[in-house]
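One chain is shown next in structure tokens, namely the form predicted alone.
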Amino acid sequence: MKLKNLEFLGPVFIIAGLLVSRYLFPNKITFFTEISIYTIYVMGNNILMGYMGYTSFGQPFYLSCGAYSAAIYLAYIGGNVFVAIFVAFLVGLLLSFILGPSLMRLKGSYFTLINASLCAIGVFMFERLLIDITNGNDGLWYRSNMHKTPLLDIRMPQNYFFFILIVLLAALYLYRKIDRSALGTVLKAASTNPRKMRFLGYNVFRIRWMAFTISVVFSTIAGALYSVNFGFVNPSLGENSRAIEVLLATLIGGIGTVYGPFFGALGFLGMKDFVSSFLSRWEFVVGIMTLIVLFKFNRGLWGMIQDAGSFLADTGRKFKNNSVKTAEK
């Protein structure tokens, strides 16, 4: 099989790996579901951080907005899960339309700090301002309101896992399409050399706004998937302390790469799950392990896998050439 075909089948291999792991470790189905959802969340952050060079501490705000929009629909309006996810998608578009024009004019630490303040605003809004709707710190429960879905009842955890795999497969191919298309090239070019892009006639502000929109929509959809999975949301989902987690996952996987978000989510959540099983303060050990990964493999886990693949391919090519020369002699 050609290398190009193998690359195209990358998302299929990831989904297959999750499927096999689900049956090898049946007690970890919740963990694999979380990895799948978190991958979509990291994709959103990677658009800003990897493609545009923006460090956002506001991703938990967008995640919680998506989660609460789906939760409020399911608790008070209707019980269709797919409509709830679509509502979160619309909320993502609305947020990007309202916040994008202002935030995308900011640079560096200003963008980072303003986004961090959004997390504090979001927690206050869902915890205090909208307490009559969200129930504040007590959280919002709505699982009993969710309707049974046709063909596959995704209210059941074992069925929801398969649904999430379908969503993740679609997200991976969409993400790959963005990366391989002119849009992905333009996003990276607008980050590395905006003056040249303006000279070529591109509107750099609109490109940044488009990247911000994609990032927010990925985050709000991930939030909706979380809310459907747990049947419960509370304000802690959008706390500032959670912002560093998605940044670490992005760095661990490899910024600006197609499959980096998956390996970042797998690496971060895997370390967190393993360490927390025998140590209450898992943050310290995970922090040290993260530093080791970043210093040893500065292109992340996906970069390490690519380097290993290139090494094996070169080794195989050299072995083949030597075999041919030996046969000719």
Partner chain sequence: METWFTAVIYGLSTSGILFLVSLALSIGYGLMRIVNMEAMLYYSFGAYVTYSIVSMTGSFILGAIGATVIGGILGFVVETTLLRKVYHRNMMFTMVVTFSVFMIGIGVIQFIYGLDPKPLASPTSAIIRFMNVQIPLYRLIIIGLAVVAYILIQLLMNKTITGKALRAGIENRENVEGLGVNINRIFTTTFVIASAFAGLGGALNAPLVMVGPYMGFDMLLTAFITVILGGLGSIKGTMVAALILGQVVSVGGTIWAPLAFVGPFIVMFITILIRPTGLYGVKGTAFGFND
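Positions refer to the first chain, counted from 1. No experiment lies behind these values; they were computed from the predicted model shown.
Absent from the display: the form predicted in complex with its partner chain. The rest refers to it.
The partner is absent here, but in the model of the complex a heavy atom of Asn240, alone among Asn240, Thr149, Thr213, Asn229, sits within 4.5 Å of its partner chain.
The partner is absent here, but in the model of the complex a heavy atom of Ile121, alone among Ile131, Ile121, Ile166, Met156, sits within 4.5 Å of its partner chain. Not one of Phe162, Tyr259 and Leu269 comes within 4.5 Å of its partner chain in the model of the complex, counting any heavy atom. Of the candidate stretches 79 to 87, 112 to 120, 141 to 149, 230 to 238, only 112 to 120 has residues with heavy atoms within 4.5 Å of its partner chain in the model of the complex. Interface membership of Lys28, defined by any non-hydrogen atom within 4.5 Å of its partner chain in the model of the complex, is ruled out. Remark: Glu283 counts among the residues lining its partner chain in the model of the complex, judged by a heavy atom distance of 4.5 Å or less. Although the partner is absent here, Gly303 is not a contact residue: none of its heavy atoms lies within 4.5 angstroms of its partner chain in the model of the complex. Among residues of the shown chain, Ile244 is one whose heavy atoms approach its partner chain to within 4.5 Å in the model of the complex.
Shown here is a form in which the CA atoms of Pro26 and Thr290 lie at least 3 Å closer together than they do in the model of the complex.
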